[in-house]
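Just the one chain here, the form predicted on its own, laid out as structure tokens.
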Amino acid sequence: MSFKIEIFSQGEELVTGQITDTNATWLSEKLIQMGFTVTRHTTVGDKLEDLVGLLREIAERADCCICTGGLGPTVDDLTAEAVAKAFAKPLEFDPVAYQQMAEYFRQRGRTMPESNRKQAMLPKDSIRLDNEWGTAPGFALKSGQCQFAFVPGVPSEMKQMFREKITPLVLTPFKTQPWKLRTIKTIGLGESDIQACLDTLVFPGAVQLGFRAGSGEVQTKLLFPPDFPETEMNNFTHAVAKQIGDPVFAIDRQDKQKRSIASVLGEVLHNQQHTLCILETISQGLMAAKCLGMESLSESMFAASSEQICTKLNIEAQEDLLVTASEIAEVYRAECGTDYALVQLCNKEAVDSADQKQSVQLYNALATSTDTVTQLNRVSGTIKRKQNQAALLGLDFLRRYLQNNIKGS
């Protein structure tokens, strides 16, 4: 049986665009993995009547609803009051909640303001959800067919309360069967390009396909029904990855640690006992920063221009930056004594341009003990986006070389 669940976010700062509702996104992903059907995301500002109306609507159409926000001590925090009015459950003082809040302040050497007493006023017959990570307690209650859970909107508190309070105390009675998620991660292809790659592939009818474009990578999500055979699921996932090709750098399972391009690289280099040095320009150390903790990264350096690098390494700059990048990679690898040297150069004039629409040409070179390979890329957007894209494309250049040239990687 599939249970319908809604996510209800409260706060004027959400509807006015001052902050992004990351809570709803995070909750949806978790709830779908648990086997719920998420039917709606709804956001309402600090208007009591709007909150009351929506709560009554949800009580009639959903099996469960998780509400975030509006549990603070100020006049614009109206969730508890709205619940009391919507379901005729007057607010009652909870001395345990009040004592927990007072202790929270005491441990931090602060006096609790009188306004915080409001947070200890909970709807009659509700179940208190203790907040061990902040001041505002949550609460749960049932109205009509719908089981409600209310938690603070602070993301760190919300996530902890979902794991420690909502899941065991509120969601357990729902006998859901978790769907199975496989996430194929790629760099260098857009969503429409990936969709085109998959147009000729026949999908099993029950499998749901989705895409999520993040900061520099695209995730192709395959959602399988609970009873989908494991072997068939793995075979189909790898068939999709094969169809997409070289841009795939990882396949994540929901029950395993999520992998980044740097962690994939780290695994390959560690398994081969190979070392790496990185030299970068436009990304200004971001490429090396993404490899933080990688044992195989021996040295890194960044400079504002290829001219500075050539001067430092005593190399004569060539008119062709790709040739220059190759020579720099060879010299830098020899100087560092590593198995690989990854070098990223760019046209400094384009970086310095005030026109953010102007794209930047990247000149990547990878020197090994036997050869040197190069790659051209182009990045665009804000300088922050260009830097992140440049770093990811450089690391992916190395990843593709290693996975295509090293046996067993």
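Residues carry their position along the shown sequence, with the first being 1. Since we're looking at a predicted model, the values are computed, not measured.
Separately, the form predicted together with a further copy of the same chain exists; it is not shown, and the next lines address it.
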*Check 35, 202 and 256: does every one of them have a heavy atom within 4.5 Å of a further copy of the same chain in the predicted complex?*
no
*Quick one: from 236, 224, 302, 87, grab the residue that has a heavy atom within 4.5 Å of a further copy of the same chain in the predicted complex.*
302
*Answer with one of 298, 176, 160, 143: the residue that has a non-hydrogen atom within 4.5 Å of a further copy of the same chain in the predicted complex.*
298
*asked:* Check residue 335 for me: does it contact a further copy of the same chain in the predicted complex (non-hydrogen atoms, 4.5 angstroms)?
replied: yes
*Is the gap between residue 264 and a further copy of the same chain in the predicted complex 4.5 Å or less for some heavy atom pair?*
no
_in the predicted complex, does residue 286 come within 4.5 Å of a further copy of the same chain, counting heavy atoms only?_
yes
*Taking 4.5 angstroms as the cut-off for heavy atoms, does residue 155 touch a further copy of the same chain in the predicted complex?*
no
*Among 367 to 375, 339 to 347, 38 to 46, 65 to 73, which stretch has residues with heavy atoms no more than 4.5 Å from a further copy of the same chain in the predicted complex?*
38 to 46
*From first to last in sequence, which residues of 5 to 27 have any non-hydrogen atom within 4.5 angstroms of a further copy of the same chain in the predicted complex?*
14, 15, 16, 17, 18, 19, 20, 21, 22, 25
